[in-house]
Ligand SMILES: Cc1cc2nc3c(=O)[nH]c(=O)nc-3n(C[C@H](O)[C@H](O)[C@H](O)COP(=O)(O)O)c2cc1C
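The data below hold one chain only, encoded as structure tokens and taken in the form predicted alone.
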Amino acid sequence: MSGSCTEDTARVVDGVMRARRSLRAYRPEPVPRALLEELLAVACTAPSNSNTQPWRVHAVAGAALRSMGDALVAAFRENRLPPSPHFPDPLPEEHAQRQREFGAVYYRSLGIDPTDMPARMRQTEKNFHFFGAPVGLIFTIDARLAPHSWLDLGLLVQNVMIAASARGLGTCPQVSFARFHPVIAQHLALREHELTVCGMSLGYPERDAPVNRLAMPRREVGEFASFQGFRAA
């Protein structure tokens, strides 16, 4: 009986994790605050070094979301903030190849020619309005902390996505917000030392949108994991 329950639980958890996608089209239906608080209460069970829990989450909706989005788009168009590269330059080829493959699949799903820079820019701007999602989340951390605490925040972010997916909600984690910390800090009245790490779109997904049906390839376990000291099966 116990083994069967364990297998059933594993199937449910595995199904939620495999079904999660980064979604970029949402219905306008609002997400109840109580539901958001519920999934954050689950997500905050993420582990952290010495239980420091170094995360803060800012949930934005309605007029506040639109106002911040407009300000972010304006800052993006004016290009008045210093760049915040997501990757080193040059990106090691192993990773650059997967990035190129993602770009090709992503823009194809949107009907955008990868060489059409104006169209790509218009799509990029949708990031800052959270792809039309009714809720935007901004994740911040105390800038004085070491990189290991950023790992703790990452565990929380992953938990948020899994908890949301289990409740029929879609999400899209977005590092593009990090560059615009000064704009976000002003709109959210962030505290001293509080630094924007990433954002996240959250809402009820538009299931029929082609961009939401992307199935990005994943490496096989044998490609990224090594095993030592195990007995042969």
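On a predicted model such as this, the values are computed, not experimentally measured, just so you know. Residue numbers here begin at 1 and follow the sequence given.
In what follows, reference is made to the form predicted in complex with this ligand, a form of this protein that is not presented.
Picking from 174-182, 31-39, 45-53, 58-66 the stretch near this ligand in the predicted complex, with a 4.5 Å limit on heavy atoms, gives 174-182. By the criterion of a heavy atom within 4.5 Å, Tyr106 is counted among the residues contacting this ligand in the predicted complex. Not displayed here, this ligand is kept clear of Phe139 by more than 4.5 Å at the level of heavy atoms in the predicted complex. Among residues of the shown chain, Arg218 is one whose heavy atoms approach this ligand to within 4.5 Å in the predicted complex. Residue contact with this ligand in the predicted complex: Ser149 places no heavy atom within 4.5 Å of it. Annotation for 12-27: interface residues with this ligand in the predicted complex are Arg20, Arg21, Ser22, Arg24 [heavy atom within 4.5 Å].
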